[in-house]
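Presented as structure tokens, the chain that follows is alone, the form predicted on its own.
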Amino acid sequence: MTIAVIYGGTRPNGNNEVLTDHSIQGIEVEKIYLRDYNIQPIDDMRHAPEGFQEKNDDYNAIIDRILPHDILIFSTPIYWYSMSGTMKNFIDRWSQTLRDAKYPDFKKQMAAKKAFVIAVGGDNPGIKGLPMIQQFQHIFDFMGMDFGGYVIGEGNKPGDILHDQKALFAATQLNQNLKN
């Protein structure tokens, strides 16, 4: 069983990254930092006669990295009560991949994966982050992916997450789950 972690934060070593790293401690994973890639927003061409057009960016390289893995962990800070824009751009582009002849089995390949979400926010994220978790649930349902669960932590300033004992405990539980 192989795991890829897709980091959607823009701040290196931010609270979300710290919590995620706690969740995967001692586990071999492939780390993908979306902030290190150029991912253009989607141009919705679903109904245009010419269809989606190729973009000169790094998006397909990320898809090529995640497809071989069995488990995907989506790690995102909670920005304005949703996932980061970087993460949203990445997922929005799935619409293009679903119609890309280079990825004829994209949905089928994604449906074989188990997904987890790790998120940290600063404004009562245990409640206000739940709509974002529901959004991920709908995304995973559409793709046929098994949603294995989520961890939400609270933190604003760098290092705040280390004071959220509930989130650290949940991350430890996820770590044990992933090891089994």
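Here the structure is a predicted model, which means the values were calculated and not measured. Just count from 1 along the sequence shown to find any residue number.
Absent from the display: the form predicted in complex with a further copy of the same chain. The rest refers to it.
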{"query": "Residue 18 within 4.5 Å of a further copy of the same chain in the model of the complex, heavy atoms", "finding": "no"}
{"query": "Residue contact check: residue 25 to a further copy of the same chain in the model of the complex, 4.5 Å heavy atom", "finding": "no"}
{"query": "a further copy of the same chain contact at residue 57 in the model of the complex, heavy atom, 4.5 Å", "finding": "no"}
{"query": "Distance check, residue 33 to a further copy of the same chain in the model of the complex, heavy atom within 4.5 Å", "finding": "no"}
{"query": "Heavy atom within 4.5 Å of a further copy of the same chain in the model of the complex - residue from 29, 63, 115, 42", "finding": "42"}
{"query": "Complete contact of 126, 143 and 173 with a further copy of the same chain in the model of the complex (any heavy atom, 4.5 Å)", "finding": "yes"}
{"query": "Those residues of 143-161 which, in the model of the complex, come within 4.5 Å of a further copy of the same chain by heavy atom", "finding": "143, 147, 150, 156, 157, 158"}
